[in-house]
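Given as structure tokens, the chain that follows is alone and in the form predicted on its own.
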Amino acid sequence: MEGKQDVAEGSEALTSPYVLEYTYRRSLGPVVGRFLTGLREGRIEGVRTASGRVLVPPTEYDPESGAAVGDFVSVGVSGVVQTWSWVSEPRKGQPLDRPFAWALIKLDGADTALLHAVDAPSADAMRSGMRVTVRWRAERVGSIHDIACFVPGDEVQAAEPVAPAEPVRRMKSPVHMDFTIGAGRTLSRFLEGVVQGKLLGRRCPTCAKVYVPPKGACPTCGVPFADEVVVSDTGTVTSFCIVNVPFEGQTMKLPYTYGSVLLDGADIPILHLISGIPADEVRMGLRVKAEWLPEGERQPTLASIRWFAPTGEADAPYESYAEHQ
């Protein structure tokens, strides 16, 4: 989070850009795999249903009857725009870096429409019923992106040949979302406190529970929080998991431990890394303390705590954290 770094009533709410992304891998099966293999080789194939309809892009089952599809059918690389929408300001990751149209295109020989980009000079050049043709990428890998876009007209562009390769059986589907998060005033004060090495909570005037990080109102009682409370940066591990499986974008050396820490003075655990101890020695009841980044390196985020490490104290009795597992 970015914003002011003082803990004062009435300070401005923090905002921060946030990016959520991961790469999903999937097995394709014989139908979608063959479709993407065909794109890599510069052809487009659909499948024929029992009723004779040709589906492009192909599906493994007839969407109307649920029956398995039949033969593969080659269709044309040109077709007709059925409907379209103009994109005046393309976003990062979209097919073109200049204004373009998203369009549903029914290819010659197909009975269903394919959604793809049309590289038109302007919105005035787009209309339903217009003819468009595939523009292939020079380097194709077996992806819908092997079609760079469609262009107005019927002039067919020959696809550059590619070296023979194994059929496409798997694909990566990157997921990317970016947006701005508003922390709100209550959470902003908590984050500003983190910059100063303080953990601030809020106490419910009805049930007296202290929430860290704080919310605007008690989620149990539904009433606004009253007192602000400074809680300790020591606490008890109430539950944990050991991460042994590698994943894309991983930064921690395996194995590592992520756990729930019930801070002294709080009634709700927070999630954080547990370190300074072998993963197989982490346990419920382990007493831990926050290891902070140096003061000048802290930002308004819980990453300002590197991790929680053992204090050397005796384990907390089970009864003290039983309801927080």
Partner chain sequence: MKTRCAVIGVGQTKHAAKRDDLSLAGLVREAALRALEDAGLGWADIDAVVIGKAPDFFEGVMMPESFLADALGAVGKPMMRVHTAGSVGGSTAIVAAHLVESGVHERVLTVAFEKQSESDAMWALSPKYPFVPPLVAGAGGFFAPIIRSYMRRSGAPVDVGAVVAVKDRLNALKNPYAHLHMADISLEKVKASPMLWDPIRYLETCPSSDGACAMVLASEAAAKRAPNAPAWVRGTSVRSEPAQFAGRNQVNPRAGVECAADVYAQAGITKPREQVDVAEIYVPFSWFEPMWLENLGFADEGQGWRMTLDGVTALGGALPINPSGGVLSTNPIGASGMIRFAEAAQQVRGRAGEHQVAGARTAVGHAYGGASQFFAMWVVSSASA
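Keep in mind that this is a model prediction, so the values were computed, not measured. Residue numbers count along the first chain shown, from 1.
There is another form of the same protein, the form predicted in complex with its partner chain; it is not shown, and what comes next is about it.
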item: Among the candidates Pro219, Pro205, Gly109, Gly197, the residue which, in the predicted bound form, approaches its partner chain to within 4.5 Å (heavy atoms); value: Pro219
item: Heavy atom of Val134 within 4.5 Å of its partner chain in the predicted bound form; value: no
item: Contact test in the predicted bound form: Ile277 vs its partner chain, heavy atoms, 4.5 Å; value: no
item: Residue contact check: Lys215 to its partner chain in the predicted bound form, 4.5 Å heavy atom; value: yes
item: is_contact(Leu20, its partner chain) in the predicted bound form, heavy atom dist at most 4.5 Å; value: yes
item: Partner contacts in the predicted bound form for 24 to 47 (non-hydrogen atom within 4.5 angstroms of its partner chain); value: Tyr24, Arg25, Arg26, Ser27, Leu28, Gly29, Pro30
